Ligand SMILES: Cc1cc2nc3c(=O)[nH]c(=O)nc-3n(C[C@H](O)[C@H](O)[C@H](O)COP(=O)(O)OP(=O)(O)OC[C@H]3O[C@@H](n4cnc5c(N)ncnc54)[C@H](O)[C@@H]3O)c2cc1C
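Here's a solo chain for you in structure tokens, the form predicted on its own.
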Amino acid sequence: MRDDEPQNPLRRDPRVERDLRRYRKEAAAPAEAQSLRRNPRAERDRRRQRPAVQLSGSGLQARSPDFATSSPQKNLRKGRRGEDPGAIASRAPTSRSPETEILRLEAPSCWVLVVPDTPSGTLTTHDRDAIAAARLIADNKDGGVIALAPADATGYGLIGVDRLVPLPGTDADTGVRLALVESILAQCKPAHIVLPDTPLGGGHLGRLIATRQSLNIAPGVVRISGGELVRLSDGGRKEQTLPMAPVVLVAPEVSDPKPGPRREARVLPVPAPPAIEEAVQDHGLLPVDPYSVPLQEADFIISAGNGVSDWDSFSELAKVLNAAIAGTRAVCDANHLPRHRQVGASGTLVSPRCYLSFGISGAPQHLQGIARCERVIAVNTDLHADMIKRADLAIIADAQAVMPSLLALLRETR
């Protein structure tokens, strides 16, 4: 550039000019105008000082603004602060006496009779599933539920029972139950009878009732959908839909107990006729060799892995639990168990209701073999083992310490 050429002036920054104009405008504005600017904190304080309304015994009553200012309310459900306490109080449920909370059913459209097994006078999970299924069938027809069960087991009203026929004693045999069911059929005429499908309990009793009363029966029901029943067929690979039958034998977990209004569970006096003598007497289960039960048919399997060294406790635990014995490929390769006891992709694919494993890390081939198990309990020292991730219940401990403790606890309770 030559010396005689004029130099370019400095560039003007528009942001600097904008801030400068704003500063001059605020300086020229009067103080009153500046005080009218919006203050969010002041607005929030004014909202808190509005008179609140609360519910009193005689109606609506105004509360002083000092209370609202000193203790601001917070709506935890919606996350808004400063909400009117009266609005919160109006949404709060009013207290009711326990008598008004009980649903009393006087004239239902029909009755549904449920007969749980109640071994030793207590309700099992299968019994509760049967009661929930009976409640579902009754609700679809605006009916009520009658339970034939021991009166000592309390809480029937909380699980949906409207009437209770007490069993004489906690260990009533099949003949006594059958006689009481026939008395209930003559007196109340229930439209359906629901029982747990157990071989020596409800399954046997339900077939006796269906035979003596010439009623249709639906065994092995796994789902209740409206007015239809669904059961498994073809070895559990297909579903078969049946119409609602008078006698329904339900499988475990057919219906989950749902929270509902508390029922009355009123004791219904039913005269018991003379007990029916059965030609076949039930003397309980015979002891079964854990090594003789086929793994494909086992309902309860206890399995061992490399982490098991106390084989005496393992075998004794299987006998006490009446469980079939199984193991991993490594255990069978070490000749601790025969080859037909191996579970996995190269062994046997099992589908028991409960699979109890000790010292199994969880190889992919073994996890394929237990893919269809309903409940898996794993005992392992490694918290991050794949078997622990697969398990529904995990115990992080040594198998050699857990097995003797479990044996001692079982012997005390039995």
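Values in this document were obtained by computation on a predicted structure and should not be read as measured data. What we label the rigid core is the largest C-alpha set whose atoms superpose within 1.5 Å from one form to the other. Numbers follow the displayed sequence, beginning with 1.
Another form exists, predicted together with the ligand; not displayed. Remarks below refer to it.
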Tell me, please, which stretch of 255-263, 217-225, 337-345, 182-190 lies within 4.5 angstroms of the ligand in the predicted bound form when heavy atoms are compared? 337-345
Identify whether the ligand in the predicted bound form is within 4.5 Å of every residue in the set T124, D197 and G202, based on non-hydrogen atoms. no
Checking A330, A251, L208, L268 against the ligand in the predicted bound form, the residue with a non-hydrogen atom inside 4.5 angstroms turns out to be A330
Decide whether P116 counts as a contact residue for the ligand in the predicted bound form under a heavy atom distance cut-off of 4.5 Å. no
With the partner left out of view, is G305 within 4.5 angstroms of the ligand in the predicted bound form by any non-hydrogen atom? yes
Is it the case that G362, even though its partner is missing from this view, gets within 4.5 Å of the ligand in the predicted bound form, heavy atoms only? yes
In the predicted bound form, does Q400 have a heavy atom within 4.5 Å of the ligand? yes
Contacts with the ligand in the predicted bound form - residues in 375-398 whose heavy atoms fall within 4.5 Å: V379, N380, T381, D382, A385, A397, D398
Is it true that T118 shifts between this form and the one not shown by 2 Å or more at the Cα, once the core is aligned? no
Taking the rigid core as the reference frame, tell me whether H336 has a CA displacement of 2 angstroms or more between this form and the one not shown. yes
Just checking, between this form and the one not shown and with the core aligned, does S309 shift 2 Å or more at the CA? yes
Against the shown form, C-alpha atoms of V402 and H126 in the predicted bound form: closer or farther, for a change of 3 Å or more? farther
Knowing the shift is 3 Å or more, I'd like to know if the C-alpha atoms of Y355 and G201 are closer or farther apart in the predicted bound form than in the shown chain. closer
